[in-house]
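Single chain ahead, written as structure tokens, the form predicted on its own.
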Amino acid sequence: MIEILDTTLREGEQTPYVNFLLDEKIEIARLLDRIGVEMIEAGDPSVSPTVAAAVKRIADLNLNAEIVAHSLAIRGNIDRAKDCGVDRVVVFYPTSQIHLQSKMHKSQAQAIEIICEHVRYAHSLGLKVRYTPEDASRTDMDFLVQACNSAIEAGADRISFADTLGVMQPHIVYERVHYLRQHLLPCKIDLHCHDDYGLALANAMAGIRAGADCIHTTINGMGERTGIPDLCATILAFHNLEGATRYNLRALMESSAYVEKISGFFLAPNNPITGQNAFTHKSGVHTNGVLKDPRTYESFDPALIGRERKIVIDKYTGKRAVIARLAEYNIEISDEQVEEIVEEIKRVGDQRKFLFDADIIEIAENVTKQTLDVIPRDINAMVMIEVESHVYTSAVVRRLRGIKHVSNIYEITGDYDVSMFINAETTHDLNNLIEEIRTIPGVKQTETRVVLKKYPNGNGNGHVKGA
């Protein structure tokens, strides 16, 4: 049965330009516990006093998850982990030849002596111990077994197979983990897979099939360089493909959105599960199928994680999608009118970047020769922001980019420092977005201007940039 250790608070915070505040770390830990992960790696207390304070606060929350502290093989660092009141400490020491020679300047024999000394010391303090052989995937397998078995004999009950550079492939991970399972003393095996070649989750799943017990994840796949497996993708893959149904799926999107907002680490639209486009359909073939039976182009119902599917209307659109969109506004049209509307949408779609509902309704008005008394749900607005004089404008912009439905942000001159465009579904959503913007540290005041109508510009492009 799979276990998940989430290390957003340690590996995730090692993402370049990411720094979590104390209260943010507490909230992340609560969200992870709500999801139901078995272990939360709260950080390395030796990094800074604030990290130590966060680890201690999290350990004091009495969460269901086991709280883990990371530590180099240094007694003082292990003492700090113990002082934080965690359940488990990680003793971290490399085993690959290049790390031992170039970084540590130690022989294999010296490495095993250091590993055993510190695992034994941590165990003597009453802590559960995991030993992580850094760069395990580039370590000679016979020496890796020797080092890990020495750590187990010294008191470790878990070993983490670390693909530190993300150089493994699924079939190789399977072979290595199977070999370890056959040759290690009784212990649990964790998998820490980096995503340098986009294989992290596939490698981790192969390792689980070979007999490993636990996958390390971060929310939104954060971490050093290209990160490690995304928590949401990992849970959904095991839930839908392997039948691991014990995690709280409804809490996944909340955790992803929260971390995206506070970290400024933004998800690509095509990110699996959590990306903006994950349940968005565009081509006529796809939209036709989805509108008839969502299972034609969705492997699972987005409602499972609290999401909704979206149909994009543009030049790729088919008749069924247009009929469905207009029906949402109680607009009825004939078969002949549908043909005309689709043809006009394709014509206009060739000239513009985007089509909004207001455009589609306007086209329907022109074709039907009626004035349709409906208010489009999508609302375009320009928001001007003045930033406090003591705050870097770029710091505010970074936060703004983490808010969904915000696009085309500019630093400008004049009375305001930033301008940006928002596309919201309702005035209520627009108001909530503006209120959220006003809570960003450094935002002094805002001014919002709703777009009433868009006009073609000089090159015939009917789309106002950013609108």
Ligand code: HCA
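Treat the numbers as computed from the prediction; the structure is a model and nothing was measured. We number the residues from 1 along the sequence you see.
There is also a form predicted together with 3-hydroxy-3-carboxy-adipic acid (HCA); it is not shown, and the following applies to it.
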_My question is simply whether residue 15 lines the interface with 3-hydroxy-3-carboxy-adipic acid (HCA) in the predicted bound form - judged by any non-hydrogen atom within 4.5 Å._
no
*Any non-hydrogen atom of residue 255 within 4.5 angstroms of 3-hydroxy-3-carboxy-adipic acid (HCA) in the predicted bound form*: no
*Would residue 134 count as touching 3-hydroxy-3-carboxy-adipic acid (HCA) in the predicted bound form under a 4.5 Å heavy atom rule?*
yes
*Should residue 130 be counted as a contact of 3-hydroxy-3-carboxy-adipic acid (HCA) in the predicted bound form, where contact means heavy atoms within 4.5 Å?*
yes
*asked:* Only one of 222, 360, 111, 162 gets a heavy atom within 4.5 Å of 3-hydroxy-3-carboxy-adipic acid (HCA) in the predicted bound form. Which one?
replied: 162
*Find the only residue in 281, 216, 176, 158 having a heavy atom within 4.5 Å of 3-hydroxy-3-carboxy-adipic acid (HCA) in the predicted bound form.*
216
*Looking at 302 to 310, 378 to 386, 187 to 195, 317 to 325, which lies within 4.5 angstroms of 3-hydroxy-3-carboxy-adipic acid (HCA) in the predicted bound form, counting heavy atoms?*
187 to 195
*Mind listing which residues of 71 to 107 have a heavy atom within 4.5 Å of 3-hydroxy-3-carboxy-adipic acid (HCA) in the predicted bound form?*
90, 92
